[in-house]
Ligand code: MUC
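One chain comes next, on its own, written as structure tokens: the form predicted alone.
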Amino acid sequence: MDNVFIDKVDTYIVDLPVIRPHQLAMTTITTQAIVIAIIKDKSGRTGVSEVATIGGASYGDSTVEAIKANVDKYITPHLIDQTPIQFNKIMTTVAKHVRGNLFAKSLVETALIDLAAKQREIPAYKLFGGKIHDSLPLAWTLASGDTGQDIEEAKEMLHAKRHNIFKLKIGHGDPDANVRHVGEIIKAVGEESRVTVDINQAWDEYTALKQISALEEMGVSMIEQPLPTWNYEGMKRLTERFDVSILADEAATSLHDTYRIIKERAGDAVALKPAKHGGILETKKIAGIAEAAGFGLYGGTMIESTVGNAIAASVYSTISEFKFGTEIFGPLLYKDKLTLEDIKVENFEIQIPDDIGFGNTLDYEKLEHYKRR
């Protein structure tokens, strides 16, 4: 059994083009940077994982350059000659030696799980609770910045039965104009779909009070991270003031951050993202305390490619309920993919892969083509 031990860890920064500019409050994505990790055992089997960041350092404090550097220098020494099935023990050791670095930890943990599942020739979800869902509702983000284009895009998605939940990014620009933009889209497709909005921390409390009142009247079903991450008290006041759900995303990173949000009722829902939580084990813990507190869950995305998207789909399939569905649409925004497989969407839901590991086969030629030199 010596061949199950970890022999090598490689990481790569990859820059993938997207099909259209994707506008957020803090940046506009035209190329998405991701990190790929490949952990190899002594028999040559590989575990593959991915984390993505948004807009360099503009979204959060993890950049692809820092993730790669910290995995290579500080985490990899704790992996060599270990057995992947002990991923929980390994990550506990890593946590004692490496503070923070949640994206880097997620990258490593998920590669360990993928390899452990491949060594046993089972789907990865069997290693963290087992699958509940064969498919999950899939939202699409309308973020072109143009009302007419967004309406046309939404109608195309509805006709193709790909998405009937739409998120609008409205943190960039004039709040009044952005809310009118939301109103036009609800008029056009609101009867056939559910609409949510994401402010990406861009509003102050005064702006939020004014605009959320209008959005609630329009029928928006969820308001995502309207205030900066530090403003717990403001988020609590908004939650108490309005009936529409106030969702914490950027503020809900670690288990301890999320516990504080729940304790202070600084929102009534949280967005899960394995990368921002530090991996699957922490994501499951956060989902558990949110469920116990009666918080709604949303299956979020860091706009991962097919590798990371399959990881999110796998862990989300083991969580009992997502009040607001999921938004793991990342691969649909890319012009190309790094795997031989693609995601499957049927009747507005993403299908959960049942192949061994996370259900992906890495395309090494594509990795070589897109990796950063």
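Not measured: the values here are computed from a predicted model. Throughout, we count residues from 1 along the sequence that is shown.
The next section is about a form of this same protein that is not shown, the form predicted together with this ligand.
For the three marked residues, 105, 252 and 285, no heavy atom of any sits within 4.5 Å of this ligand in the model of the complex. Contact with this ligand, judged by heavy atoms within 4.5 Å in the model of the complex, is confined among 204-212, 167-175, 236-244, 89-97 to 167-175. Contact check for residue 141: a heavy atom falls within 4.5 Å of this ligand in the model of the complex. In the model of the complex, this ligand lies within 4.5 Å of some heavy atom of residue 54. None of the heavy atoms of residue 258 is located within 4.5 Å of this ligand in the model of the complex.
Proximity of residue 273 to this ligand in the model of the complex: non-hydrogen atoms within 4.5 Å are present. Interface residue among 124, 75, 303, 223, judged by heavy atoms within 4.5 Å of this ligand in the model of the complex: 303.
Checking 348, 334, 59, 324 against this ligand in the model of the complex, a heavy atom within 4.5 Å turns up for just one residue: 59. Of all the residues from 191-221, those having a non-hydrogen atom no more than 4.5 Å from this ligand in the model of the complex are 198, 200.
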